[in-house]
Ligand SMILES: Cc1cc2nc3c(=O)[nH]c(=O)nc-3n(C[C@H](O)[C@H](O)[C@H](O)COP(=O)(O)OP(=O)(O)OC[C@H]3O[C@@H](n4cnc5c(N)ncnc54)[C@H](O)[C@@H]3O)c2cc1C
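Just the one chain here, the form predicted on its own, laid out as structure tokens.
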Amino acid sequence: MRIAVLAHLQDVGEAPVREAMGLMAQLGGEAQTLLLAPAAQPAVAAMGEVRLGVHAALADPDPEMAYAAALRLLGDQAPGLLLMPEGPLFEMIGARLAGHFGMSAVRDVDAVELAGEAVVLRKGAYGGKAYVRVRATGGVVAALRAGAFPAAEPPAGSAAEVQLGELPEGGQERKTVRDTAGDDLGRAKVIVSGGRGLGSAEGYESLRPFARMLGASLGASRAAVDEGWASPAQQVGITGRKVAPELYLAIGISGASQHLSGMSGSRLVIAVNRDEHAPIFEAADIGVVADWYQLWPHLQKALEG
């Protein structure tokens, strides 16, 4: 079976793309890495054999441009399995590519198997409380959950550059709105997240110096966002961001299923909560039953000293 990874160049070097490449290598068969880029980037050859689709507008493409660019890069015949990191590119064009080629589109995938001409994918359901298996024939576009697969370190190869020519622009006026209140959690290696258990906006703000000392990004539960303590850009969960940091610290977060699903890709989870029965402890590698306000001065002294 032909298998390909499709991603935007801005994600190169980040874990989700290398995880998709690792899965591709594990599955075997004819494999290809396809990247969309605003300019030629010879350095991507360090990622192995890469086909690089180039157009200046791909620095910040609208859906029409991204879709047309992907079609030209893929060619007339799509692979039997097209892997994409979960994120903006899949959200813009994943389902549309699947429709164009008569394939299925499945997101939030955390396991993939080949069964003859079929592809069997596993994905979360009911807010992460259960898993379902989807058997797809006729090709599938799969969005991979961050942190679900080992990252690849491919040998050096070569980058075959493809000039994409003129790309269509969207038919409507387009505005880009960026929430600058939060960090890009999708790329963070360490995340400190706070929840309603912190008690107030001031309590949530006490996490900021702690995160700064760790070089961490600051996240939040939905409850903290609903209270107005944090920006929606900082929300981790099904209705927020799905993250896969090396270290995730959950402070004052009870552990609702929607939040647990969003942080499930974390390599190591440390939870601090006053309630020893909080569900977050079931997902934590290390659990500390403590009042954050009593614990924080000791942590601050240790980190400063």
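From a predicted model like this one, the values you see are computed outputs, not experimental measurements. In this text, rigid core is short for the largest set of C-alphas that superpose within 1.5 Å between two forms. So that there is no doubt, residue numbering starts at 1 and follows the sequence shown.
Beyond the structure shown, there is the form predicted together with the named molecule, which is absent from this document and is the topic of what follows.
Residues of just one listed stretch (95-103, 81-89, 192-200, 150-158) have heavy atoms within 4.5 Å of the named molecule in the predicted bound form: 192-200. In the predicted bound form, at least one heavy atom of residue 273 sits within 4.5 Å of the named molecule. The closest heavy atom approach of residue 254 to the named molecule in the predicted bound form falls within 4.5 Å. Interface membership of residue 235, defined by any non-hydrogen atom within 4.5 Å of the named molecule in the predicted bound form, is confirmed. Taking the partner from the other structure, the named molecule in the predicted bound form has no heavy atom within 4.5 Å of any heavy atom of residue 285. Taking the named molecule as it sits in the predicted bound form, the stretch 280-297 comes within 4.5 angstroms of it through a non-hydrogen atom at 290, 291, 292, 293. Once both forms are fitted on their core, a CA shift of 2 Å or more is seen for residue 222 between this form and the one not shown. Comparing the forms between this form and the one not shown on their rigid core, the Cα displacement of residue 279 reaches 2 Å or more.
The Cα position of residue 258 differs by 2 Å or more between this form and the one not shown after fitting on the rigid core.
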